[in-house]
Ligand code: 13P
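The chain below stands alone and is given as structure tokens, in the form predicted on its own.
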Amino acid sequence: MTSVNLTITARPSEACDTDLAKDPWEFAALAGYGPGASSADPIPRGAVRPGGLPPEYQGVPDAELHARIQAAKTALGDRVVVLGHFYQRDEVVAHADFVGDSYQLAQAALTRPDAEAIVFCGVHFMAETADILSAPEQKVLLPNLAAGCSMADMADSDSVEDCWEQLEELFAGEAAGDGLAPVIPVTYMNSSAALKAFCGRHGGIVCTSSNAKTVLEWAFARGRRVLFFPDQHLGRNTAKAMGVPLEQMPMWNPRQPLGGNTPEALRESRVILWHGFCSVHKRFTVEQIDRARAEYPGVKVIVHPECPMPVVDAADASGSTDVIRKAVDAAAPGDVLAIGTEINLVNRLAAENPDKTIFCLDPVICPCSTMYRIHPGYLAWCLESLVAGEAPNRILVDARTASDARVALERMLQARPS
């Protein structure tokens, strides 16, 4: 259906299942998140299970789906706004009113307060955030409920609550003369509404890949240490750049007592990192960077901070999807850029900048397998259902959770990078 599909089919690999080239309703019921970059990730307890697609929307020709989506959008007019994440496939992005990262899209939704429905072409935690920040009467729809996030689900509410109880007991005897809390919880935007609410209740905050440094500074001004979840790599890379030694960043494994750490290591810590990661960004390696430099002398390597620390250290620059886009825009004609992030964004940047050589560090094309589950068939179904007065796959965060999560999100909005 797209160039990404063709590449997957043409370049099979043990690390990237070629079944990802199939339509999402064909593999939606598999036991894991895969196939694709996260093929090894099991669906954790509490994760959203796959949602169905009515048969009449399956296997419809591309041109017909495009026309039906356009017709439904025209019929709905300002009553609907379609949001498309950077990592979505091109044939979905083509119908988006706004394109951006999760934070930018949540903000974009706020600019359309008169829209009756927000169709979020992204993953589950993004739709939850949009529901939390949108007006109560607005409906937020996720076209395919199977579009979850394996990293977000690596930190579930029960595990984080259990971790917090252990840390509270361990740090109960610390002197409080300096006015600092023993630990401040910080959750990445890529987390459930329940974990954002947890941070809101416990004096914590949400961060994005764009403002992680500012958020950690905010947290250190209020606490002796930070519990950072769910992405270990963003936490480690950000804290390391701020001068925090690696020995003061123990990993918390939720399957072990005290996360697998000694009491002394936790007491001496500055950042406690959760054992979570992004399956797509974990694929990038230093060897890929070395190969790019050998093949393209003078290449500039830019990676996302969700990549492992050795990859970030070996790159020329790292930053959020927005930072990567701006770096590409600022590059001169003829420049060569190797990028370590999701392939749909990299391909789109290459198409938008034909005067530059832009390629993905990973030679095996593996899209985010859950983002990839938003197919034009699901988008057509949602929009035509809205025309008919129905609202399938509505994401609705309960009032208590939304209220607590909004506290942590508002703290994030106030923590603007200097």
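One-based numbering along the sequence shown. Just so it is clear, the structure is predicted and the values come from calculations on it, not from any experiment.
Below: the form predicted together with ligand 13P, not depicted.
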Query - ligand 13P contact in the model of the complex: Phe228, any heavy atom under 4.5 Å - result: no
Requested in this report: Report yes if any heavy atom of Ser320 sits within 4.5 Å of a heavy atom of ligand 13P in the model of the complex; otherwise report no.
Outcome: yes
Query raised in the report: Taking 4.5 angstroms as the cut-off for heavy atoms, does His281 touch ligand 13P in the model of the complex?
Result: yes
Query raised in the report: If you check in the model of the complex, is Tyr188 within 4.5 Å of ligand 13P, heavy atoms only?
Result: yes
Report task. Report the stretch among 165 to 173, 300 to 308, 286 to 294, 76 to 84 that approaches ligand 13P in the model of the complex to within 4.5 Å, counting heavy atoms only. Result -> 300 to 308
Query raised in the report: Which listed residue (Ser209, Asn344, Gln232, Ser269) meets the criterion of a heavy atom within 4.5 Å of ligand 13P in the model of the complex?
Result: Ser209
